[in-house]
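A single chain comes next, written as structure tokens; it is the form predicted alone.
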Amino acid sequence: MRQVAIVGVGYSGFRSISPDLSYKELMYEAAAKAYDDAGVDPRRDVESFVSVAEDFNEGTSIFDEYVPDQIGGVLKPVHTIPGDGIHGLIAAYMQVLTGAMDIVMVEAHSKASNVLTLSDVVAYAMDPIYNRPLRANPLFIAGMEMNRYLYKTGTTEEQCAQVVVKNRANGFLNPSAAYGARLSLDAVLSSEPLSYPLKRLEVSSHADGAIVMVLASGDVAQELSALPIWITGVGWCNETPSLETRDWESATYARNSAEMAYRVAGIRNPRLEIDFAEVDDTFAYKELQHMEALGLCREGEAGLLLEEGDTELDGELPLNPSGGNLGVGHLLDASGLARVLEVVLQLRGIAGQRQLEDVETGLAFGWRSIPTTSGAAVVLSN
């Protein structure tokens, strides 16, 4: 197979609201930074463009029609992936693998502050025959799943709350994070109950922003960048979204995605071969559930490792050094690409105060949130 690397990254944001910028301006700023980082001219060098967006969130049909101008893709191949940001990255990666293209760009963004009825939009994704008539709020479903996960694994509410404390503190070290903060465990546990046992501070808040990455084939990557970040493995899985057939105890979609990515990357023992990971933490319990499903520990062990400090910045397996969705903010379909962005910055050694020591291989995992059971994983190496 051809080698593929990330040679340029750019981002704009991340803020809880951005009334001064349109989504096009966010995309333009991120794209300009990415092209400058990669040393390419999109009109001359980039051969294909991938946008990640959901028409429902954008309020616009066939959203890729509104993408080319601000990313330099006029009169070039442009298509939209209605999935998580890592799905878009994988689509761009596979275009380079075909040999038909050497440089491909992927973009994902969020203008969540513009969506007045976001919970209603998300609820519309429920199965239209059996589930949507129940009018179950996505947070209600998250509470049910969290309750089942705690029962099955023996994980405690205190351990879930500790995820919030850790990730918001990591976000405090990230100048791009919208929700970095120093919180106490009691503050999380005493926050407003939403859907037992889920609490207000255990749910990531939305943020606006855009992320752009430039991918290149092996030979071109080495010409463009002194430190290309190699994509060594990718994987994805779309399990059933219906409430009556989904796995309520473990994240099957994460396990299958990781197994595929590890197989492609040649990783046999992820606990030993992965130096750090950025995983979806849309809800605090999800970080622990995903950690177990990704093979980074045994079932029911994630909470214990968290308590022992293994997932801290100076621990044996740092998790979400960026702050994750809880600290950075949930960027809708750009959330997965935000996880990849942090892995790239860490592997380049330019993550600032939260920089990890001696890291060579990182894992990024994205989940498209309730009601989907759709995940994607990517293994990166410097």
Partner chain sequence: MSLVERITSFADAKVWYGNLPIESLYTVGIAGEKFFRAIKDRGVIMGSVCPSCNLTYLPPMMYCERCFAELEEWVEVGTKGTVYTYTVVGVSLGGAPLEQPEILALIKIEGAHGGLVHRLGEVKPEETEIGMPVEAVLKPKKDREGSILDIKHFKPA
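Quick caveat, the model's predicted, so the values are computed rather than measured. Positions refer to the first chain, counted from 1.
Missing here is the form predicted together with its partner chain; even so, the following discussion is about that form.
K.L.:
Can you say which of 137-145, 167-175, 307-315, 154-162 gets within 4.5 Å of its partner chain in the predicted bound form, counting heavy atoms only?
P.N.:
Comparing against its partner chain in the predicted bound form, the contact stretch is 137-145.
K.L.:
Indicate whether its partner chain has at least one heavy atom within 4.5 Å of a heavy atom of Asp45 in the predicted bound form.
P.N.:
No, no contact at 4.5 Å.
K.L.:
Contact between Thr80 and its partner chain in the predicted bound form at 4.5 Å, heavy atoms?
P.N.:
No, Thr80 is distant from the partner.
K.L.:
Is it the case that Ala226, even though its partner is missing from this view, gets within 4.5 Å of its partner chain in the predicted bound form, heavy atoms only?
P.N.:
No, Ala226 stays farther than 4.5 Å from its partner chain in the predicted bound form.
K.L.:
Could you confirm whether Asp20 comes within 4.5 Å of its partner chain in the predicted bound form, counting heavy atoms only?
P.N.:
So Asp20 counts as contacting its partner chain.
K.L.:
Given that its partner chain is left out here, which of Ser190, Gln222, Thr240, Thr252 has a heavy atom within 4.5 Å of it in the predicted bound form?
P.N.:
By the 4.5 Å criterion, the partner-contacting residue is Thr240.
K.L.:
Have a look at Arg132, Lys76, Arg298, Arg263 for me and say which one sits with a heavy atom within 4.5 Å of its partner chain in the predicted bound form.
P.N.:
None of the other options qualify; the answer is Arg132.
K.L.:
Counting only heavy atoms, which residues in 114-129 are within 4.5 Å of its partner chain in the predicted bound form?
P.N.:
Leu116, Ser119, Asp120, Ala123, Tyr124, Pro128, Ile129, in sequence order.
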